[in-house]
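Before any questions on how it binds or moves, here is one chain, the form predicted on its own, in C-alpha cells.
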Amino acid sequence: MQPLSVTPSSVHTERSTMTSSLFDLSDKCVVVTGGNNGIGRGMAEAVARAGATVAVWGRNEERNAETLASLESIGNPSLALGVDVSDESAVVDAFAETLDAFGHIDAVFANAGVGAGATRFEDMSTEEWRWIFGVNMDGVFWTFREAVKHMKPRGSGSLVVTSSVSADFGFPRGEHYAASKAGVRAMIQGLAVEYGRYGIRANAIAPGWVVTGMTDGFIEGDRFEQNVKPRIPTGRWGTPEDFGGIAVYLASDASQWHTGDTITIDGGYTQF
C-alpha cells in the first residue's frame, strides 16, 4: 500500500479554495440602503467584489448613478433605486422592484441614516426629533419588515443594521441620533430571537468616527482632530472601505450561526 502523498502546495490550494468558497457571494443578492455614499457604498462595493448581485437604495440620484457605474464595472448585475426610507410606500415599492429584478434577496443592510444637527436639547424641535427617528428607526423597521416577509418562507437570510458607538456613551446635542441608534440594536436582538428558527440572522454594526459625507463637515476640523483623534488607538479616522470585510462576512454563509450581535468597528475608540 502506497503512502498518501500531500504536497504543501496542494494543502495551500485546498485551504484557499475552502476559504474563498466560504465567503463567495456569487449566489447572493444583497440590498444596501444608503448604499450610494460613505459606509453603505463601501459595503456595497465589497460584497459586489465578492460576487454578489447588489441593489443600492439612495435619495441622491447623481450618487446613485455614480455608484451603479462603479458596481457595474466590477462585473455583476446591479441596480440603483431612488428611495427615501422614511416613506413607507417607497420602501415597500423598492423591495418589490428589487425582487422583480433579481428574484430573491439574501441579505439586507439597513444602512440609510441621517445625523444630528448639533442642536441643544432644550432647543430641539419635535420636527427635528421625528425626522431623525423617521429615517433611522422607521426606515429600518419598514425595510426589515419587507425583508422578513420574503426571507421567512425561504428559510434563510441576513439582516444587518448600521448602528453607532454613540449608543454606548453620552452624545450631547445628539440625543435623538444616539437614541435611534440604540433603538435599532434592540430591534436587532428581537429579530434574532423571533426569526432564528426560520434561518434568519440579525446583527448590528457599530461604527466609530468615520470620514463620510455625514461627518466631513466637522470630523476633520482642528478642534475635533485635537480632542478626539488621540483617543483612537489606531491613530486614524475610519474610512468606508474599513466596513467591506464585515459586510462580506455577514452576507456570507460564514456567519450562519452569528446572530443577535453588535459588532463594533471603531479603531479601538470605545476601549480607550
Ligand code: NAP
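Don't overthink the numbering: it's just position in the shown sequence, from 1. Since the model is a prediction, treat every value here as computed from it, not as a measurement.
Keep in mind that the form predicted in complex with the ligand is missing from the display, and what follows is about it.
Since the chain is shown here on its own, which stretch among 120 to 128, 95 to 103, 177 to 185, 194 to 202 would lie within 4.5 Å of the ligand in the model of the complex, judged by heavy atoms?
Of the stretches listed, the one contacting the partner is 177 to 185.
Determine whether any heavy atom of Ile39 comes within 4.5 Å of a heavy atom of the ligand in the model of the complex, and answer yes or no.
It does: once the ligand is placed as it appears in the model of the complex, Ile39 has a heavy atom within 4.5 Å of it.
In the model of the complex, does Ser158 have a heavy atom within 4.5 Å of the ligand?
No, Ser158 stays farther than 4.5 Å from the ligand in the model of the complex.
Would you classify Gly208 as touching the ligand in the model of the complex, given a 4.5 Å non-hydrogen atom cut-off?
So Gly208 counts as contacting the ligand.
Given that the ligand is not shown alongside this chain, does Arg231 nevertheless sit within 4.5 Å of it in the model of the complex, heavy atom to heavy atom?
Flag for Arg231 set to no.
Among the candidate residues Leu71, Ala107, Ile132, Ala112, which is the single one with a non-hydrogen atom no more than 4.5 Å from the ligand in the model of the complex?
Contact with the ligand in the model of the complex is made by Ala112 alone.
So which bits of 143 to 169 sit within 4.5 Å of the ligand in the model of the complex, heavy atoms only?
Result: Thr162, Ser163, Ser164.
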